[in-house]
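Here you get one chain, nothing else, as structure tokens; it is the form predicted alone.
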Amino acid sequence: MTATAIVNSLAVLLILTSLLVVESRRLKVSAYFYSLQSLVLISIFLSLAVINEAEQLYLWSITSLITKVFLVPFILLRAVKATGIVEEEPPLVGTTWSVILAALMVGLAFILVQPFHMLAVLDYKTALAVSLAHFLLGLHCMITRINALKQLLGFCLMENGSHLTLAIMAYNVPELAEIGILTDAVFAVLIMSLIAVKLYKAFGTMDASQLKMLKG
């Protein structure tokens, strides 16, 4: 198997972990699957670092390991523990339709990348399609799930997708810019998880639709 085939295969594995994050009803399990997905994402970073001799991606891998594999799941698990809610509220669509919608979005992502003929991404079209699919799957999770923490996981999927796109198309981004992007994401997760806990304390649920009650 060639190096580019390894990257594309790992990228496809990201789709599987995304589906597990979205479809798992238990919040802790979803957080663990997100951690696993981030580990796969880091494997892609390291593969790209070797293939493209991109030293910046080594530092990016280390910061991603700390933030995505450990810190973000830790924040999510703390929020679950603080609320005591172990399972999300029933989503707006059932599992069957949710999987069908996810499959359509993945198919759409692969169609959208077909016109791309840039030399930089020619070998990684599958990985690029997966990165776009991640953005769509994250959006799918945020729209169809009403649990605030599950919506936060949708944001995390979108963020992983954008990181994969950057790693493929702009792996020479300065290290400080990469660390800044990761730090922003961690703060976003921290703030949104605090809002989710406040929501639970105010309404006894993490149903994000309850935020409408705050309208004056």
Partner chain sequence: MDYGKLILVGLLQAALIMLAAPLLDGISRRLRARIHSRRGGSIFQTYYDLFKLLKREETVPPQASWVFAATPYILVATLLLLAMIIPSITLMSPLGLVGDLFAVIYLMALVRFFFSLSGLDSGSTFAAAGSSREMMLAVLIEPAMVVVLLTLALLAGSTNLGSISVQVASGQISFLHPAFIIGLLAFLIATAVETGKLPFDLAEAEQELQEGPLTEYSGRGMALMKLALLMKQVIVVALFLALFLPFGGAVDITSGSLILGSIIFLGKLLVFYTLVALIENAVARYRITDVTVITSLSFGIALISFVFYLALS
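As the structure is a prediction and not an experimental result, all values here were calculated from the model. Numbering follows the first chain given and starts at 1.
Keep in mind that the form predicted together with its partner chain is missing from the display, and what follows is about it.
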Within 4.5 Å of its partner chain in the predicted bound form: all of Leu20, Glu23 and Thr95, by heavy atom?
yes
Determine whether any heavy atom of Thr83 comes within 4.5 Å of a heavy atom of its partner chain in the predicted bound form, and answer yes or no.
no
I'd like to check something about Gly107: if you look in the predicted bound form, is any of its heavy atoms closer than or equal to 4.5 Å to a heavy atom of its partner chain?
yes
Using heavy atoms and a 4.5 Å limit, would one call Thr144 a contact residue for its partner chain in the predicted bound form?
no
Quick check on Val12: any heavy atom within 4.5 Å of its partner chain in the predicted bound form?
yes
